[in-house]
Structures are given as structure tokens and as C-alpha cells.
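Look below for two forms of one protein chain, each set out as C-alpha cells: first structure 1, then structure 2.
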Structure 1
């Protein structure tokens, strides 16, 4: 069956963000982790209306980001969807060199498209764009906590200039209020990638109607909130009642893994600790050096039906210590972050090899990507959102269980409680 929609996301939490928005609208969605074989893709997407591939390229070298995105788009093209999207975070977080521009270039090159739009705004989560400047809860991106992100610090809120440094294509602005005529005007002026202003849900509705005929769009998960209704109006897609695939039985305890240093995740960690969860705090440098291994303790707690929070120390001083450690070893902060995520994922795999929990919740994009690959989860069937941008999923790979992947910046303080309850019901 031909899907109506296909997307490539630069990390797994971003992919689940997009997938959850689609699932909320009744769109049957499957998320595939990394570029699979065509045979596997066809099996996993057999009953899907939307297919998303998470390629985990936000923090890799720009050339690799281009190559992985182009390979994913090429494979998705074999399914012949009506609409493609390059998905990146609503905080637009990327280094001055990439990788959002490389991802967009890869898709435009592969599909032969001469024009697309960039819509990073997500008003429901406080991300808005006005006159090309990006805001997080009415605070300029450069003044928000994203300014000090350990891997992709955002110091330039002007998205036109920021994206222009990442792509060989001409970037311009379709300024507020965005209409189809305004988009066509900037296109006629030679703009190849148009940043779209958007400050409200009403703007989003109007914008989605203006871009519904584009073959390729880029941006946050926001279009997934409005486009399905337009597809339904046009007869491109209709909701279908099909049974969910059930997770495997068994498993005791819930495992929450937090690798994010964001303010939101730290609040959520505190909330869960206050509820009496068993907490194991890991020194990030010890993790990076492979010297932290509390697997047996965590397994013991899970087998006794406990909820266990496994997290890295994440205060600003911990981030500074890691930066100093990386500098002393001649590696970048990105490389240090990737090493921590990979070692944390290996630890989680050791836990799973001893005991599969009843459900898994992961906070942080890099951490989620590494854990999904270490556990060979392969693909996720996506169910509706627990909170905006964070859906419940069921893995279809080696370990069959309920999974929640959360961007570090998303979620209310008690989100873990909601996520665990959703996993409990699914299991």
C-alpha cells in the first residue's frame, strides 16, 4: 500500500515527536530506526499510512549527515509517498556548519526539487518564529536554555542567517502573516528554502493549507497536526480501524534512562526521585571511560518490580567538567557527548540481556538514538501522544516492549509518571 507521507528525522526523539502528532490524527505510523533493507521496510510499513526513518544525524560530521539523509530519502522514494518531510527539532538546534542544511540539501538533490519551506515553529510547545527570529516561550532562542546546549548551543536566533551558513542554496523569509501568495512571491524571487514565520495555531492552520501541495516540506512536527485533515478533505487518506501489534508478555519493573542535561529533564528526574523511584546517578566522565557498570543493581531492582531511574549527573558544573575532560583529550564536545551516549547504551543493553523491564522511557535525543540501536529495536509502531510530541511506542525488533522516547526539552514535570502509566496499560 502506498503511504501518504514519509519523513526522515535527525534523531529518534524527533522522529517520535513527528510520529506522535500523526498518530494523534488517526494516521497509522511506523518509525524505522536507521536505514533498513527494502525488504524490512516493506514488512514494517505494510499497513502504515506514514513511514518515518530516524537517522540520528544531528551531531555527526556534516558530510555523513548528507549521505545518511540522502540514502533514507532514496529508500523512502521506493514507497512512492505523496508528501516527504525532513524533520528537525523545533528549537532548530544545530552547529553553524550543520546539519539541518545538509539534510535539506540531500532531500532536494535526491528528489530533484528546486524549492521547499522550513517551518521549525511548534506553537503548542512554545516554539514560534517572527520576522525570521526564533523564540522559545517568548524568549529569543539565543537567550533560552538552548544557548548552553552541550552539543548544539544556539547563539543565533536569526534562522535565515543560521541556515544560510549550512546550505549552498539561497535561503529567504516568507514573513508574517504567511500565505500561499507570499510563499510564491519569495519563490519567484529566487529563494530555494523559505523560512516561514508562525506564532500561533491559527497561523499553522493557514500555513499548512498554503504548503499542502508541496512535494517536500521541512521543519518541526507541527505540520503533522494539520495536514492529515487536509489530506482527508482531498481524498488522499482516510482513517482505518486496525488492531495494534501487542508487546511481548512478561517483564517486571520500569526503566527510565536520562542522558539529557536540559532544565526540563532535570525537573522530571527530581519529580520521579520524589516519588520513591530507585535512582542510580552516574558520573558522565566515568560513563565515557567505560568505568560505570551498575547493571546488576538495576537488574535486581527491576526483578523486584521497582521503577529505576538511571541518569547521568547533569548540573551545569557536570557539563563543564565533561567539556574540560574532552579538551584535555583533544576531542570535541560532540564527540564526548556521543561517547557518553554510546557507553550508556551499552550499559542498558547489559541490563536488558539479564532482564527485560515492563517498559522503557528514555530522555534525550542522543541517548535515545544510541539505546534504540544497542537494543536492536529496529522499528516502532507509534500510538497517540502521552503529551504533545511524546507518543507511546511498541518496539518491533529484538526486545518487544512499550517504549517512550522523549526529547530533553519536552514534557511536564510529572511526565515520567504519565509515561510509565501508558507503558503499564500497553503491557
Structure 2
């Protein structure tokens, strides 16, 4: 079947955010991790209305970002979707060199499109654009905490000039209030990528009507809030009552893995510990050195049907210790974090090779990416959101189980409880 929508997302939790938004509106959505073979893609996307490929290119070298995005778009084109999106974060996470421009260039080159729009705003979360300047709630992007992001510090709030540095195409502005005529006017002036001003939900609705006919759009997950209703009006798509694919039966126990050190995740960890979950706290340095191996104990507890929380020590003083350890070895904090995520993922794989739990919950974007790849989860069928931005998924890859991937800062204090309940129902 021909999907109505296909997207390429620059990170996995961003992809789940977009996927959950679509799934909430009844759009059958499949999320694929990395560029698969055409044969696999065809099997996974059978019955799908929307297919999203997460390429994890937010912080890679710009040339690689172009290549991976182009390969993903080329593959998605084999499914012949009606609408394509290049999805990035609503805080426009990128450096002066890339990689949003590279991703857009790759899609335009591959599809032969001469014009597209960039809609990074997400008004419900306070991300707005006015006269090309981007805001996070009441602060300019460059005054917001994004200023000091370790990977993609955003110091230029003018998205027209910022994006211009990342692409060879001409970037321009369709300024407030954005209408179809204004977009057409900017296009007639020779602009190839038009940044769209957008400050409210009403703007978003009007803009989505104005861009619904474009074959390629780019932006945050905001368009996905409005487009399904428009597709439906136009007869491009209808919600369908189709059974979900069942996860494999027989798993016992629930595994929660937290690699995030964020305040929200630490609070959630505490909540789960208070509920009496078996908690295994790993020294992050021992994890980085491959010296922590509680797999047997976790397997034993899971086999007894228990809920296990496997987490790194994540207080500020633990993060400080890791920074000192990294400095002594001449590696950056980022490399240290990536190493911890990789080793933690290998540990989770050892657990799964012995025993597949009934459900898996992961806290942390990078941690999720590493674990999905180590477990060869490959593709996820996405069901409605458990909480905003965090859907329940069912893996279609090596281990077929309910999975919840949560960005570090997302979720209420009792989120794990809801996530486990959602996994239990799905299983």
C-alpha cells in the first residue's frame, strides 16, 4: 500500500516524538532505525500510512549527514509516498556548518524538488518564529539554555542566516502572517528554502493548509499535528481499524534502563525505587571500562517476574567524576558519554540473549539509540502516546517486545509506572 507520509528524522527520540503525534491521530506509523534494505522496509511498512526513518545524523560530520539522509529518502521514494518530511528539532539543533541544511539538500537533490519550506516552530511547546528569529518560550533561541548545549550550541537566533551557512541553496523568509500567497511570492523571488514564521496554533493550522500540497516539507513535529485532518478532508487518507502486530509471548519481568542524568529521569528513577523495583546502580566509570556485569543478577530477577531498574549513578558528582576520568584519558565528555551508552547497550544485549523481558523502557536519547542498535530492534510499530512525546512501540526486529523510548527530560514522575502498564497491556 502507498503510504501518505514518509519522513527522515535526525535522531531517534525526535523520530518517536513525530511518530507518536501521528499515531495519536490514528495514522498507522512505523519507525525504522537506520537505513534498511528495501526488502525489510517493504515488509515493515506493509499496512503503514506513515514511515519514518531515524538516521541519527544530528551530530555527525556534514558529509555523512548528507549521504545518510539521501540514502533514506531514496529508499522511502521506492514506497512512493504522497508527502515527504525532513524532521529536525524545534530548537533547530545544529551547528553553523550543519546538519539541517545537508538533510534538506539531500532530500531536494534526491526528489528533484526546487522549493521547500522550513517550519521549526512548535507553538504548544513555546517554540515560535517571528521575522525569522526563533524563540524558546519568552527567550530568543540564543539566550535560551540551547546557547550552552554541549553538541549544538545555538548562538544565532536568525534562522535565515543560520540555515544559509548549511546549504548551497537560497534561504529566505515567508514572514508573519504566513499565507499561501506569501509563500508563492517568496518562491517567485527565487527562494529555494523558505523559513516560515509561526507564533501560534492558529498560525500552524493556516500554514499547514498552505503547505499541504507540497511534496517535500521540513521542520519540527508540528505539521504532524495538523496534516492528518487535512489529508482526511482531501480523501488522501482514512483511519483504518487494523489489528496490531502482536509482540512475541512468554517474556517475564520488565526492564527499565536509564542512562540519562536529567532531573526528570532522576526523579522517575527515585519513584520506581520507592515502588520496590529491583534497582541495580552501575558506576559509570566501571561501565565505560566494560568492568560492570550485573547481567546474571538482572536475568535472575526478570525470570522471577520482577521489574528491574538498571541505571548509572547520575548525580552531578557522578557526572563530575566521569569528566575527570575522561580528562585524564584525553577524551571528551561526549566520547565518555558515548562509551557509557555503548557499554550499557552491550550489557542490555547480554541480558536479552539470556532472557527476553515482557517489556523494555529506556530513558535517554543517546542511550535509546545505542540500545535499539545493540538489540537489533530494527523497526518499531508505533502506537498512541503514553504521555506527550512518548509513544508505546512494539519492536519488529530481533526481539519482538513492547518498547518505550523516552527522551531524558520527558515525562511525569510516575512515567515508568504508566509505561510498564502500557507494555503489560500490549503483551
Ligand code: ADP
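Residue numbers count along the first chain shown, from 1. As the structure is a prediction and not an experimental result, all values here were calculated from the model. For clarity, a rigid core is taken as the largest C-alpha set superposing within 1.5 Å between two forms.
Each structure shows the same chain on its own, and structure 2 is the form predicted in complex with the ligand.
For residue 275, the Cα coordinates differ by 2 angstroms or more between structures 1 and 2 after the core has been superposed. Taking 2 Å as the criterion, residue 363 counts as shifted between structures 1 and 2: its C-alpha moves by at least this amount when the rigid core is aligned. After superposition on the rigid core, the Cα atom of residue 333 is displaced by 2 Å or more between structures 1 and 2. In the core-superposed comparison between structures 1 and 2, the CA atom of residue 287 travels 5.5 Å.
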